[in-house]
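Given next, in structure tokens, is a single chain: the form predicted alone.
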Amino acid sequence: MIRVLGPLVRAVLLLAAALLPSAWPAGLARPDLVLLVVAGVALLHPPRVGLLVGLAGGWLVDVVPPGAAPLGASALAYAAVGLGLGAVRRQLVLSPVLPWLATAAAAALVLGARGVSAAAGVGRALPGELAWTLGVTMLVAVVVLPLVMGLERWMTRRGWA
């Protein structure tokens, strides 16, 4: 039963991260909170955990309105981010800035995939909006990433994750 609590807490975090941007004021760049949850989990766990959390988060981004097109593209991008950050997590402990920089690179990857699909005629993403989203995401990451990582460490110490 206890081992179920970690994935349940992650699911709640991902759901909140997918739904919260819809409450963001219109006209302002929205941070990619799902990416921050995926990054926070992937930076502390093996690559397969990051992959699964990224896949689940990407599916939520794909299906929660306004959704993303094509269906599954976000899931693949977030899964790649989770897998990549999980694979390099041991090298990122050398400096407290490295996890933030790795998250910035991951955010650029996800937003780049969104921009490429928009350029292909699927969905809508303007380069200026993508740049603002990257900036706001990294600004919010200064607070959210340590909180998610602290929660993950706490759950790991208790044997939940």
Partner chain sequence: MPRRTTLLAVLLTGASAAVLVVDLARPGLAAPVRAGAAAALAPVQEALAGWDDGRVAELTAERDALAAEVDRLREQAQDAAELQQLARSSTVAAVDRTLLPARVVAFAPGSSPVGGRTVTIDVGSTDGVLPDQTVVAVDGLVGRVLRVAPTSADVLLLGDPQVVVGVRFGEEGALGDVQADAAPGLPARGHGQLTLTALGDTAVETGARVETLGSPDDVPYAAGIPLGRVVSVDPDRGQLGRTAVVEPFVDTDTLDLVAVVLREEP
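Worth saying up front: this structure is predicted, and the values here are computed from it rather than measured. Positions refer to the first chain, counted from 1.
The discussion below concerns the form predicted in complex with the partner chain, not included here.
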item	value
In the model of the complex, L76 touching the partner chain (heavy atom, 4.5 Å)	yes
V142: touches the partner chain in the model of the complex, heavy atom cutoff 4.5 angstroms	no
Contact of R114 with the partner chain in the model of the complex (heavy atom, 4.5 Å)	yes
Any non-hydrogen atom of G135 within 4.5 angstroms of the partner chain in the model of the complex	no
Joint contact, G84, S95 and L151 to the partner chain in the model of the complex, by non-hydrogen atom at 4.5 Å	no
Within 4.5 Å of the partner chain in the model of the complex: residues from 18-45 (heavy atom criterion)	L19, L20, S22, A23, A26, G27, R30, D32
